[in-house]
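This document opens with one chain alone, in structure tokens, the form predicted alone.
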Amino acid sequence: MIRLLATAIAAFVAYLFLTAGSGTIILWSESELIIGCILAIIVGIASYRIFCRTGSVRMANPIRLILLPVYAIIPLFIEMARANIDVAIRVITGNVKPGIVRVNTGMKTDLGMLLLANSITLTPGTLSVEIDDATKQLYVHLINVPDELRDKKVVEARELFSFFNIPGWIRRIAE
């Protein structure tokens, strides 16, 4: 029942986001709110088994739902901005040493692996190439592999980011 409710609420919030600004009750009309509730219940019944396959509703925790946008706005954005500047300098100077490194993620859940792999891929100059499901390790292509990372067989995920402990943020959100 909780999985159904969580899916229906997520569908209703998505509906409200997509229809905002067209009514008189805050941002929605009365008929829109009623239709949104009906559609959210239908979507929840039809898809809760797909969206909550494992039965885990840990992402329904309001603290995690608040941490996710905070993570995207502050640490991830700053890491992406830093990486943009670094890639621009490397393109101009031609100072690149590309390579693929094996990264120990330390993640326990699929959602944690997904968020980390996407965060790495969104950061300019890096690309998540492969996930080893058995060891929970990622293979990451870097535009410039520093010498200290080049000598290691496995690097820690924290070493890929300069300012913030991105894997730590992801553990707080997803695990």
Partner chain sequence: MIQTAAMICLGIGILFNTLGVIGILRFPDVYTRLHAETKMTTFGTIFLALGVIIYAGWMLSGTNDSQYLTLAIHTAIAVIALAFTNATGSHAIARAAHRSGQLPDPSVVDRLAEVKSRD
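These numbers come from a predicted model, not from an experiment. Numbering follows the first chain given and starts at 1.
Unshown form predicted in complex with its partner chain; subsequent notes refer to it.
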Is Ile73 a contact residue for its partner chain in the predicted bound form, using a 4.5 Å heavy atom cut-off? no
Is Ile42 near its partner chain? Define near as a heavy atom within 4.5 Å, in the predicted bound form. no
Does at least one non-hydrogen atom of Glu130 fall within 4.5 angstroms of its partner chain in the predicted bound form? yes
Given that the partner is absent here, does Ile9 sit within 4.5 Å of its partner chain in the predicted bound form, heavy atoms only? no
Listed residue that, although its partner chain is not shown, lies within 4.5 Å of it in the predicted bound form (heavy atoms), from Arg49, Lys108, Arg64, Arg150: Arg150
Enumerate the residues of 87-104 that have a non-hydrogen atom within 4.5 Å of its partner chain in the predicted bound form, in sequence order, or give none. Val87, Ala88, Arg90, Val91, Ile92, Thr93, Gly94, Val96, Lys97, Pro98, Gly99, Ile100, Val101, Arg102
